[in-house]
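To begin, one chain is listed below as structure tokens, in the form predicted alone.
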């Protein structure tokens, strides 16, 4: 592995104006309950990105957000292997898999078809597919360590890898999730928090265009809670997008030296 560009880990949080200023009840009966990593409910984990993680790929990126570690390789555009009629737009293939040591239960590494499909949906709207007709771009994401909020990290890392590969996009795609635990919303949950959640909401967006490419909700939510969670996620996506863009700028400057 070789790194072309990276940035120091930076934590980020939604703007104070988007946070609920009322004192929220604790998730559990223990009034002194704090998050496993002592973050505030609306504070995201430190985020680190580095491009050029895989030399053999057209583009690649490594992301480390908290204990979640992901590496993404992009190959193409290359001529599609499948027999198909001429198309004015390119094809995007996505695959998400886990190493055998990524999760606490050893030997559980495998392809994740659900995550692969969701990664495709999150990225497809951001890629200018008609810029590479009759060809295919393959995105391979590998979760090295599962520390919670795995899919949002995969999506964000894949977006940086696509940019590193020179794939034309309308904007980078940043992704953040929120878990609902009791009456509380906690952003960028870790694995332990996800295991206790009553519901989750994940947004993938193009920050500079203020457009959502994917919204996923599980569990029961009130309209007010959905609005609050979406506001938190979108603001966090905007800040995460700046960290991702900074990584790409550093890589570009390093390549010119």
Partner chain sequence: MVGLSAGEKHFIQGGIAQDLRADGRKRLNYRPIYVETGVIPQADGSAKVKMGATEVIASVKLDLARPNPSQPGKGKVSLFVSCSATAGPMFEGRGSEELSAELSVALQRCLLGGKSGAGAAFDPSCLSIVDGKLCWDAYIDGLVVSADGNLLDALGAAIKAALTNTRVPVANVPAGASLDEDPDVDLSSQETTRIDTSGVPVIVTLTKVGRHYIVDATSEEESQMSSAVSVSINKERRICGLTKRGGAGLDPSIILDMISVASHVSEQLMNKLDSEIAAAEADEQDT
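Predicted model, so just to flag it, every value in this text is computed and none were measured. Positions refer to the first chain, counted from 1.
The form predicted together with the partner chain is left out here; the points below concern that form.
Residues placing heavy atoms within 4.5 Å of the partner chain in the predicted bound form fall in a single listed stretch, namely 122-130, out of 88-96, 161-169, 141-149, 122-130. At a distance threshold of 4.5 angstroms between non-hydrogen atoms, residue 213 is in contact with the partner chain in the predicted bound form. Using a 4.5 Å cutoff between non-hydrogen atoms, residue 55 does not count as a contact of the partner chain in the predicted bound form. Although the partner is absent from this view, residue 198 contacts the partner chain in the predicted bound form, with a non-hydrogen atom inside 4.5 angstroms. Residue contact with the partner chain in the predicted bound form: residue 218 places a heavy atom within 4.5 Å of it. Shown here without the partner chain, the chain has 217, 218, 219, 220, 221, 222, 223, 226, 227, 230, 234 in 217-256 lying with a heavy atom within 4.5 Å of that partner in the predicted bound form.
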